[in-house]
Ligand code: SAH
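As structure tokens, one chain now follows by itself in the form predicted on its own.
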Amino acid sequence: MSNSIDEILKQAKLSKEDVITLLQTDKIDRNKIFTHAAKVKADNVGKKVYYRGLIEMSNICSKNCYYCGIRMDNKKAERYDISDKEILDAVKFAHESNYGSLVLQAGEITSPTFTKRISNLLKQIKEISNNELGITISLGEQPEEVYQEWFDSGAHRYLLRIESSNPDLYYKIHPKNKKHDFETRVNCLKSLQKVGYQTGTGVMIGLPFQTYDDLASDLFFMRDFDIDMCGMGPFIEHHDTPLYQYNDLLMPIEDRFTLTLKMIALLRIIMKDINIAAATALQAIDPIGREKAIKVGANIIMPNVTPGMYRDSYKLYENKPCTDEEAADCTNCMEMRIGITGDDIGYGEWGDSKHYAKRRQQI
């Protein structure tokens, strides 16, 4: 197989069959993929990692996704909603630590009160940081006018993960109803692009019922959608979710980890100049999981700046790392970890997607 892998990687464009072959490679051949992806990254976005200080502002959610530990019907989840003051204190920490950017993330809520709160927070973040902090938000499906309001208030990047681009698989991991509609999610991604956001999506890797064909299709979905950034990670089961009943269908967790690295590497090869995050979930499996992702194509990392007392409650999956730390602990740790990869940290830089800049020039 080695010769065929070499030939595939020399091609300017990969077919779906090529990608499926690459996803199934053994250790020797997958290292060829990783080496190639590292070169593509260095040539197109450079050997630099950009920080996004992550604020998990609330685990209150109106959705009932079958895989998620903060789903609405999980009565065991300890709900919280960080005060505006605590959020802005975390913002000040990120700014003073020269992070360059931050992420506001929460369970999905749609209401005029929530919309106004986020708008006000975005304006205050801009004011506190003298417009020096870039802002990514990940706040779920919203009407287009809400996306526009938040964009006008200061957010310029938005992450909305599709989780699976196969509608059949999508409805195996979500209820099939108006609140969990596949087409609505796709249309929200279109709205985000229309408004002008740097638009990101992503998928879970290693789901029950998922095939290599599904994963290859996910990569081409992202290519064809012309995304600017991606956050994807391994599926890690949560005991208090409906999907846990299919636990016996899962591949070993180490295989899910390796498959995620392959997906990151292949996405880097296919979409050379986008931003790709090293998901925190990788570190739940491997102590240096995020560093390994950086070495095979990722260029974004999200140090958690959420106040420590809340971190264990934002538990989308089991074994979430760093829940017993404070923001300063995470900063010191990250600097040391990224040093291992050989990349530099883009302190004070927004690290916007180069792909986005090119895409907007073509509009």
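Only a predicted model underlies this, so the values are computations on that prediction, with no experimental measurement involved. Numbers follow the displayed sequence, beginning with 1.
Just so you know, the form predicted together with ligand SAH exists too; it's not on screen, but the next bit is about it.
Within 4.5 Å of ligand SAH in the model of the complex, a heavy atom is found for every one of 67, 105 and 235. Comment: 138-146 is the region of 189-197, 88-96, 138-146, 209-217 lying near ligand SAH in the model of the complex, near meaning a non-hydrogen atom within 4.5 Å. Checking 172, 117, 185, 272 against ligand SAH in the model of the complex, a heavy atom within 4.5 Å turns up for just one residue: 185. A single residue from the set 125, 204, 155, 259 has any heavy atom within 4.5 angstroms of ligand SAH in the model of the complex; that residue is 204.
Proximity of residue 160 to ligand SAH in the model of the complex: non-hydrogen atoms within 4.5 Å are present. Within 4.5 Å of some heavy atom of ligand SAH in the model of the complex lies at least one heavy atom of residue 314.
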